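Just so you know, structure 1 and structure 2 below are the same protein chain in two forms, each on its own as structure tokens.
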Structure 1
């Protein structure tokens, strides 16, 4: 119990440092550019953070079970193109989105079976399946963009609609996070995901059906990635194959900035990670820097968070106090 309390306080200190960092960054940008705190810019910030946070949420489930998924961005290309094809065929938006997500789910199931049941190495197997999914994304149009019926079918509403003046993607992300938080942190299901991550054999002997949970994790990851890419395509108002490729880095960055705060993949951590990265990116965009800076920012923040997470703040504080005591009391005798 004592050990546990110690862990929590160390975690709180790291969390405090990150919150201070977040607030500090926002202060710096507000000083540099007063418009940073305007409602418009903050809404834009949410719009930037939402997709990154959403795709990261899916990856969090896979990371919690202790595996790596190198296929979700390729699968999201396929899911997005499936949705675009359905729209072009004249289907209404909701079924098209569901079919796109279902295509992702199919790939998630294959991933989960390969890794959970047949114990294939996760990185290679998912990469192989990802290459297949990426090839299949070309099947619909042979490489050209799909734009048919994008303007008149109402698919663009997915991006432009607002709920109580908050953009729909942000609302969807918030709902997904609420569900994700309840599942992973407040339910037995979530405990089982974490149990598999820390020791799959022990979890199996405790009566957890490991395979099912691994499959579920990969399905969630693939479906969420597809939905994120579908939102992006509705924003672009066209189905573009390579649009999905960019999701790999934001997802991993958000999850692992979170890991460096909480020492394990968590829903809260992923959100904080996405928020931190999004804030810095938005700040630079507002200052008139080109969009290419975004990737640079992501990489630098990821490295900073790795380094920060390895610094033991409690130890530093303890040492400083010790030194102060030495100075005041004149030695330890």
Structure 2
């Protein structure tokens, strides 16, 4: 119980520092550009954060099991182009989206089998399979964009529709996070995912079917990435082959910023990471800065978050308390 309280206090300290940083960044952008805190801009911020948070959520499941996925952005390209091809063939949006997500799920299964069952190196195996998925995305149109039936199919509503004045992508992201939080933090499934990430061998001896959970994690990552890219394509009103390539850095940045706060991959941490990155990006967009500046900042945030995640704040606090007690005791002696 005492150790648990110490863990919570350490997390609260780090979380407080993070919140102070988030508020500070928002205040700086507000000073530089007063429109930053306007209602329209904040809604735009939510729209910017939503896809980044969504794809990061899928990656969180893989990170929880202790693995890395370097293919999900490539797989999202294949899933998005599959959906676009179905739309071009006259299929209605819902089944087209399901088929696109199913295409991503197939690659997730292959990833999970290669890594969970055959123990292949995760980064190399997923990178290779991702290259295959990206190459297959070209088969639908030979490298050109797909625009047929996008305007009259209703697929654009996936991006433009609103629920109580809130953009539909934001609502979908909120629902996905609620489900993800319940699964990872309030269910036996979540405890098993974390057990595998902590010690797969011990989890196996405890009766956890490790391979199945690893496969499930990669499937979730692939399907969520495909859904994210499908939402982007609905916003673009076309099937763009390279649309999903942009998700790799934001997803990993969001996950590792979250790890720097909670010392492990968590749903809440990933959202906080996406919010921080989205805030910086939105601020620079409002100031008219170029895209490369945002990429630079995102890279810096990723590196800093990895460094911070390595710092053991609990140990620092313990040492300071020990030194204070030693100093007090030395005065007595």
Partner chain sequence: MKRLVTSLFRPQYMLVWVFLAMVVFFCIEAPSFRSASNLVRAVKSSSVIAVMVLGLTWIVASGEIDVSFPSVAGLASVVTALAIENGVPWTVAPFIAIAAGTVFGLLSGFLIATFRCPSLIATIAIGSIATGIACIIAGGYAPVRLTSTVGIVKTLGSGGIGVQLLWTVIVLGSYIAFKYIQDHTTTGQHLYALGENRQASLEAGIREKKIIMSFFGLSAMLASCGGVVWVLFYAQGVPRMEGTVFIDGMTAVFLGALVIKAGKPNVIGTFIGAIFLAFLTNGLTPIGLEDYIGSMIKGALMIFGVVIIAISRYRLAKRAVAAAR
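Take the two forms, superpose them, and find the largest set of C-alpha atoms that agree within 1.5 Å; that set is the rigid core. Positions refer to the first chain, counted from 1. The shown structure was predicted, so the numbers you read here are calculated from the model rather than taken from an experiment.
The form predicted together with its partner chain corresponds to structure 1; structure 2 is the other form. For residue 39, a C-alpha deviation below 2 angstroms is recorded between structures 1 and 2 after rigid-core alignment.
The two forms, fitted on the rigid core, differ between structures 1 and 2 by less than 2 Å at the CA of residue 20.
With the core held fixed between structures 1 and 2, residue 293 has its Cα displaced by at least 2 Å. Taking the core as reference, the C-alpha deviation of residue 323 between structures 1 and 2 is 9.9 Å.
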